[in-house]
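In C-alpha cells, one chain follows: the form predicted on its own.
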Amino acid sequence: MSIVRVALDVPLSTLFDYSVDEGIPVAAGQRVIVPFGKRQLTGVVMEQAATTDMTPERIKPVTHVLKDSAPLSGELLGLLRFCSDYYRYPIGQTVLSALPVRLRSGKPLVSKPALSYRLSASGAALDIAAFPKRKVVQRRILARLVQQPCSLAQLKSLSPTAGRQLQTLLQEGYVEQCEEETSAGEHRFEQTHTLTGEQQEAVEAVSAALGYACFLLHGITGSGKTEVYVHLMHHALQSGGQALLLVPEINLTPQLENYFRSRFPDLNMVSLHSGLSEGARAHNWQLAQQGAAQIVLGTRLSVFAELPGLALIIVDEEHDSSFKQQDGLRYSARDVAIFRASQRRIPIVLGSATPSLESYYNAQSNRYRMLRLAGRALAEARLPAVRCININQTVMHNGISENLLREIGQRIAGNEQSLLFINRRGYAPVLMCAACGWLSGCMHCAGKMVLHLQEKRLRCHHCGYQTRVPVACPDCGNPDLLPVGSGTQRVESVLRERFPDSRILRVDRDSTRSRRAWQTMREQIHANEVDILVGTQMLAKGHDFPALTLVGVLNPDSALYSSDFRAAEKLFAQLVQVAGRAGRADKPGEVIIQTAFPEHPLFRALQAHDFEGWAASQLAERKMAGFPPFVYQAMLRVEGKLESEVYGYLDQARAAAIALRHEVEVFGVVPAALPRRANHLRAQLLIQGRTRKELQEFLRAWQPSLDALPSQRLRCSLDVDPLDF
C-alpha cells in the first residue's frame, strides 16, 4: 500500500492522504475519485508520500483512478502551487478551479470523434468553375475542400455564414463528414501583409530572445499589434512550439480566431472560454494537452491550459481589468502568465495602446523591455482628431449636444458610420420624483435601480433584482416620475427621433444576450448596413470598423471625481480604446467628447495623443500618495447579514495583523464602495507593503490567525493585488 496526497475542491488549505493498492499505478497529476465524508469527490494527486501522520485505520483508499485524460504535468502543478501560495487560496480549490468543468466531475470523459468535412464522390466530380457564381461562400468551401479535408472551425474562417452554407452542401451531397485528424497540422503561413519598420523591429527583438524575457508592446490603436502577434507565432511554430494568446473578452475571440485561421490555414487552433459548451471546452483543453493544438486562444482561465510545447505567450490588451478574477481564486491572468513564462523560460509579450501603469513603470525601470509602434499600420490611416465640447456652453438634447448631432447628420449624408459611447446600459440611471425627491433605490442594495423603458422594468445592475416601473411615486403618490441621466436605450431613443430614417444599432449586454446576436451585429456593421452605433465598452476593444469615422463620448466626467485612485487611468484607457475605432482606414476620424471640464489634464492628454506625458504625471501622483506600483496591497473583504459580525471579524483580523509587528501598513476597517449588496453588508481592510516579498511574508504569517477566526455566517476573501476598491 502506498500513500498519495490529493487536492480536493474544499475550502481547507491542506492536501488529504489516501491509500492506493500496490498494483495500481498512480502518478502525480492524475485525477482520482476519493471518499470525503459521505461524498465521493474528484481530486488531483499532487504527490506520493512515504509516510503519513495519520493512523492506518483513518486512511481511506482511493475509490477509482481516472485514466481518461493524461496526468497534469509537474510544471502545471508547480504553477498552481505558486498561485495557491501567492493568492492565499486553498490548494485544492486552486487546482480544481483551473480545470474544465468536465475534468472536475467524476464521470469518465467520453471522447466523441472530432468531425472534419471532405468532398464526396459527386463533389469531387463537380466542376467548380461551372458552379453558380451567386453562391459565393459555397464556392469558397468547395475550393478549400479540393485541397484537403477541413474542420468546421477552419471553414468558418472563409465566411461567418460558412456553417449554414456547409449544411446546404451536405444536404445536396457534395460534401461528407469524416473523422478529424487531431495530430499537429503542417505549418503553412499566409504572408498577406508587409511589416512596417517598427513592426519588423518588434518581431526581431522578441524572436531573438533566449530564455525568459518580458516585452511590453506599446502600440497606438490601429498600429498593427495583431500583425506582430501573427509573425511571432509563426516564428514559435516553425520550431514545433505552441503559442498561447490571452484576450480579455469572449466577444473578441471569434474575429481573432477567424483571422489567425486565415493566416495559419493548416494548423490546429482551439479556443478556450466560457462561451463554449462543457464538452467542447474539455475537448479543446485535451487537444492542447496532447500538443495537437498549436495555437490556443482564450480568456483568463486559459492561462492554466496544459501546453507541453509552450514557446510563446501573448497577452493582448494587457491593461484590461477583465484579466483579474473577481471571485474564488482572485488571480491576475496577466501576472500568472508572466510567472508561467519565467517558469518555462520563454518570451512573453504584453500588448496595449494604453499599458497599465504597473506594466509601464516596469518597462521604464527596465524590468520589461519596451517595444513601440508609434504609427498606424495603414499608411493612409491617421489618428483621429479629438475635441471637447463644454456641455455648460452648448444646447443639449437629452444628453446629446447639438454640435454632436450635427456631426452625426453629416456622417450619415456621407455614408459613413458614427459611434456614440456611453458606459451605461438601460434608459436612465435612476427614476426620480420631482415633487418629493424619491429615487428608485434597490431594496437589497445601496445602489439605485436603472430604468429599462422598453421592458418597463426597474433593474438593479448589482444584484439583479427587478420590478415593474411604478405608476406613481411610492412616497407621495405623484404620478409624474422623471428619468434622470442617460443610458444606451435613451440615447437610442433620442437618435431615432432626430434621425428617423437612419439605421441605428444598440450594442450592450441587453441587446446581445442571444448566442448569435453579436456576430450578426458585427456582420451588419462590416457590411455598412448601420449608420449609427450606440454602445457600451463592448464596442471599445479591438474591433476594426472601416467605415466608422466619428466617435462621440457621452458623460465621461463621473470618473474624474471617483474615490478609486485607478479611475482616471481606467477612463483614459477606455477613451483611447473607443477613440481608436475611428479613422482606421483611408477616411479621417474625429472624436468628440462631451464634458463639463474641457481643460482637464486628462482630456488635454487625449487631444495630444500623449500617453507618455499622462502616464508620467499619474506615476508622479501615485509615488507622492504611496499607491501602486510603488507599494503592494492586499484587501481582506467580508460580507454578512449582520453588521456586528462583519465589523467584529475585521476588527479581530486587524488586531491580529498589528500584533504580528511586520513592516507593513495596516489601515482601518472601512465600508466597501457599495456597502450593501444583495442584503449583505460589506466592509474591507487594506494591508500595504513596500515590497512584494514583505507583503507575502506578512500574509503567510497572518493566514493562521484568519483561519482561526469564527466566520461561519460570513463570506470572506483575501484579494492580493486588488484592482477594485
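All residue numbers refer to positions in the sequence shown, first residue = 1. Computed from a prediction, not measured in an experiment: that's the story for all the values here.
Beyond the structure shown, there is the form predicted in complex with a small molecule, which is absent from this document and is the topic of what follows.
Taken together, the three residues Thr221, Thr226 and Ala377 all come within 4.5 Å of the small molecule in the model of the complex, as judged by their closest heavy atom.
At the 4.5 Å threshold, heavy atoms of Asn268 stay clear of the small molecule in the model of the complex, well away from it. Proximity of Ser239 to the small molecule in the model of the complex: non-hydrogen atoms within 4.5 Å are absent; the residue sits far from the partner.
The shortest heavy atom separation between Gln199 and the small molecule in the model of the complex is within 4.5 Å. At a distance threshold of 4.5 angstroms between non-hydrogen atoms, Thr194 is in contact with the small molecule in the model of the complex. Of the stretches 127-135, 226-234, 296-304, 476-484, only 226-234 has residues with a heavy atom within 4.5 Å of the small molecule in the model of the complex.
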